[in-house]
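As a starting point, one isolated chain is supplied in structure tokens, in the form predicted on its own.
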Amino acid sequence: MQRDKSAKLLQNLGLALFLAPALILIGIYIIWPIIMSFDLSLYEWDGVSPQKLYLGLKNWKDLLVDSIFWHAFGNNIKFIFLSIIIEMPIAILIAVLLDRGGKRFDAFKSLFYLPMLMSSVAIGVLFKYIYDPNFGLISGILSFLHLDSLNQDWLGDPNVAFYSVVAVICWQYIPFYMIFFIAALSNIPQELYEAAKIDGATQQQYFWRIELPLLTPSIKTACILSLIGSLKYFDLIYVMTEGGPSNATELMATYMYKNAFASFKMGYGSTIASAMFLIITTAGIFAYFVTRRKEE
């Protein structure tokens, strides 16, 4: 009995030793910055000078009545909605078609995945040229088709800019979810297809009766990933529009960056970052428990 306890103790010590480096790194690079962010949210600080002015909860009170922040939060919500209803169906459709094509479509899988191999900054710069109303690709195509009246200032018009950026982000992330769903489809037992074939099922019935129900857990996971990613999205939008024009494409992350590093309001920027942490954590936990309850 004593020998079993000693062996178990040694085993736990071994596990702790192996986990310690990872836990230390997580503490230094994730936990500590979060704590520092909450601490800085209580100060007025330009991020450079050694002096910080303690404000208490003033930054948080200002945030509650900051119309630009809540406009940015609304854009994040629209972004989540559009990302899910556009990215998921298209990714599922492409995944099903490529999965049914088998090895013949392996080249297409690599081709469709190319956008995920490009950095968001490179994609942002590329699409700034594509969207250029005077010399861009879209302008050229519309001119070639004699549809000049449809040409717009895609990134300069506040009514159009947000949807122009969302289209690019969907183009960037659909391949990620496509690969995600292809992996899920590959786990569906072939016996189900063979049994359905014997029963005379059509290709549509394969999808509605076999593939879509078995993809449901993966779809829920993908929606949670999309939700969390949409709430903290930053790089491509900042490269393309910097949150403009007239805050039309402003997101919480771009507004936080501009306050902290462009306006040197590090305290207020930390308040926005802390608020984002609370919102994203709450949304992630809520989505997890909702999907888990439905599964049960």
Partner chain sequence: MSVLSFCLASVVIYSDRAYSASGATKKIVFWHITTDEVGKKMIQNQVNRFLKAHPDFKVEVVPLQNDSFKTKLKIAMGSNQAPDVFVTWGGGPFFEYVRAGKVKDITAYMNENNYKNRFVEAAFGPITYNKKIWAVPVEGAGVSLVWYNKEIFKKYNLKVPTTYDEFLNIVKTLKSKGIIPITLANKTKWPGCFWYWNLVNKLGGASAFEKAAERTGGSFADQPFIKAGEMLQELVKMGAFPKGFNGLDWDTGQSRMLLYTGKAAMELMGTWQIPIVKAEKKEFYEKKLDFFPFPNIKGGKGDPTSLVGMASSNYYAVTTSCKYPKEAFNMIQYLIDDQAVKERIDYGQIPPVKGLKFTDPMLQKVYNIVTKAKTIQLWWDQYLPPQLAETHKDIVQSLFGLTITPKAAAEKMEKAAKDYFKK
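Positions refer to the first chain, counted from 1. Remember, it's a predicted structure, so these values are computed and weren't measured experimentally.
Not on display, but discussed next: the form predicted together with its partner chain.
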I need the one stretch from 222-230, 77-85, 132-140, 181-189 whose residues put non-hydrogen atoms within 4.5 angstroms of its partner chain in the predicted complex. 132-140
Can you check whether residue 262 is within 4.5 Å of its partner chain in the predicted complex, heavy atom basis? yes
Under a 4.5 Å heavy atom criterion, is residue 111 part of the interface with its partner chain in the predicted complex? no
Can you work out whether residue 52 and its partner chain are in contact in the predicted complex, taking contact to mean some heavy atom pair no more than 4.5 Å apart? no
Contact of residue 257 with its partner chain in the predicted complex (heavy atom, 4.5 Å): yes
Which one, 71, 100, 209, 128, lies within 4.5 Å of its partner chain in the predicted complex by heavy atoms? 128
Answer yes or no: in the predicted complex, does its partner chain come within 4.5 Å of a heavy atom in every one of 66, 274 and 277? no
If we check its partner chain in the predicted complex, which of the residues in 39-55 reach within 4.5 angstroms of it by a non-hydrogen atom? 44, 46, 47, 48, 49, 50
